[in-house]
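Next up: just one chain, as structure tokens, the form predicted alone.
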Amino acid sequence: MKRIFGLSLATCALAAAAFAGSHANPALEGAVKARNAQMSVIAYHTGLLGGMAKGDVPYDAATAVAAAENLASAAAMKRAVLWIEGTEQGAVAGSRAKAEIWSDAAGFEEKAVALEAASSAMITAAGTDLDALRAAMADVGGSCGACHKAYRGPKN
């Protein structure tokens, strides 16, 4: 009888763990979805500006400024509600955030602020001329790459 009871407890424990794993915290899942959307917005506008810088997309000052303004707005979103501890890769589906975001919070914040600054500077550069846009793209791309290298995990 004890063995049957022991197996039943083990089975219940496994079932409970599976249930808990399949029903993650909706607030944490929402934060990951929101920051993935934020990264998509950043990538779209960076891609548009980068296309102009490379000559793949015709340079248009008004379009470039609009893209730069949207980029700067997305980069300036408040991190406290998007980058919640416990949402690192492996903890929440869809997350590529490394745990170093929270263990090295000062470094992460420094890189996020660098993207904000580069994105804000892009607004003026984008409307000036193509050469100014190209120069500003180096800072935007560099800030994106530095953060991704340090704080973004591999695709699963």
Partner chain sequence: MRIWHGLLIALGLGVAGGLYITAPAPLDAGFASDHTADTEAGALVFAAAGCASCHTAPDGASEGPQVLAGGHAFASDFGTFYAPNISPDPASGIGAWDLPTFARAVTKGVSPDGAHYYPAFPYASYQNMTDADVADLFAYMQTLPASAQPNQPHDVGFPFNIRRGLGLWKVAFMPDGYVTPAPDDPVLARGRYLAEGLAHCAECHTPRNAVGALLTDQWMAGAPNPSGKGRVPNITPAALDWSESDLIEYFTSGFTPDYDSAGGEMVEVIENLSQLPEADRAALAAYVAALPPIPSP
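Positions refer to the first chain, counted from 1. These numbers were taken from a predicted model, which means no experiment stands behind them.
Below, we turn to the form predicted together with its partner chain, even though it does not appear here.
key: Triple contact flag K33, Q89 and D104 to its partner chain in the model of the complex, non-hydrogen atom at 4.5 angstroms   = No: none of K33, Q89 and D104 comes within 4.5 Å of its partner chain in the model of the complex.
ask   = Among A125, A97, A118, A53, which has at least one heavy atom within 4.5 Å of its partner chain in the model of the complex?
value = Of A125, A97, A118, A53, the residue with a heavy atom within 4.5 Å of its partner chain in the model of the complex is A53.
ask   = Is M137 one of the residues lying within 4.5 Å of its partner chain in the model of the complex, judged by heavy atom distances?
value = It does: once its partner chain is placed as it appears in the model of the complex, M137 has a heavy atom within 4.5 Å of it.
message = My question is simply whether A132 lines the interface with its partner chain in the model of the complex - judged by any non-hydrogen atom within 4.5 Å.
response = Residue-level check for A132: no, no contact with its partner chain.
inquiry  = Contact with its partner chain in the model of the complex for A37, defined as at least one heavy atom pair within 4.5 Å: yes or no?
reply    = Flag for A37 set to no.
ask   = If you check in the model of the complex, is G47 within 4.5 Å of its partner chain, heavy atoms only?
value = Within the cut-off, so yes.
message = Under the 4.5 Å heavy atom criterion, name the residues of 131 to 150 that approach its partner chain in the model of the complex, in sequence order.
response = Contacts from 131 to 150: R134, M137, A138, V140, G141, G142, C144, G145, A146, H148, K149.
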